[in-house]
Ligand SMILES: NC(=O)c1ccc[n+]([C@@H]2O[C@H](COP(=O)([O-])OP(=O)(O)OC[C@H]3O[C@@H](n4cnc5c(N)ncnc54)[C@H](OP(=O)(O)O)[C@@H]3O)[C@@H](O)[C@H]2O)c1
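Heads up, the chain below is alone and in the form predicted on its own; it's given as structure tokens.
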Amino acid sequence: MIVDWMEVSGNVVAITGGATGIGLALAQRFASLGNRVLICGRREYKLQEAAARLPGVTSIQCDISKSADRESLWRAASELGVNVLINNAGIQRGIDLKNGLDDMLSGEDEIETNLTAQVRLTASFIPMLMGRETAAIVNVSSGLAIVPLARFPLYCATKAAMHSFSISLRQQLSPTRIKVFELLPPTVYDTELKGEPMKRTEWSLSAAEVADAAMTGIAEDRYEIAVGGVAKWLSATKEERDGIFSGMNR
């Protein structure tokens, strides 16, 4: 297994969902450390706003749930020499499964965006990343991968799947130079995960705080970067997690 230290400067970084929230905060941190950054997002006006705040950052309009857009992102990343892929794009919807298919079909496909597209994008990037001297994949999952909120059943399920995928991917890539990190944030109050800013609570953190924790974790080669109270969830017993779940879902 190759264990070369992962540097947080001198990279070329591609960030999906990089125009807002955690993605934008990560773009700011990486850019400030002398990395070249490519961000993608679905909304052109948000990309323009981000570009105005981050001179020198490259942007591309991209909906990762669309195969053609993923191919465009891959081409742009290949031309720039990307060696770090951050899978950050995601959507979150409240779904009442007692309504059958009605709620599921009334909005965007979380399974496609949060899981299927990210797995396919990652697989397409791996051969390119294997050719880099150093490389990394950072999967942004969630504390809800560990303890779910029942009102967001598909979101939590996709994040749990990305948690499992990250573990398997890390094992498969262990003989290579590609490091696999997973970022597990708590609720982030200044993101637009649900299409609008979230409400701030005593348990939530800002996107900037999550990005700071991510940079520290990557620099320290901590492959599971659990932020805030999520760290306790990872080490909790099943009985303790059941208690947390009960409290969260009252």
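Residue numbers here begin at 1 and follow the sequence given. Note that the structure is a prediction, hence the values are computed from the model and not measured.
Separately, the form predicted together with the ligand exists; it is not shown, and the next lines address it.
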Pick from 127-135, 151-159, 77-85, 173-181: which stretch has non-hydrogen atoms within 4.5 Å of the ligand in the predicted complex?
151-159
Do residue 28 and the ligand share at least one heavy atom pair within 4.5 Å in the predicted complex?
no
Taking the shortest heavy atom distance, is residue 62 within 4.5 Å of the ligand in the predicted complex?
yes
Does the ligand get within 4.5 angstroms of any non-hydrogen atom of residue 37 in the predicted complex?
no
Would residue 20 count as a contact of the ligand in the predicted complex, using a 4.5 angstroms cut-off between non-hydrogen atoms?
yes
With the ligand taken in the predicted complex, which residues across 81-95 come within 4.5 angstroms through any non-hydrogen atom?
88, 89, 90, 91
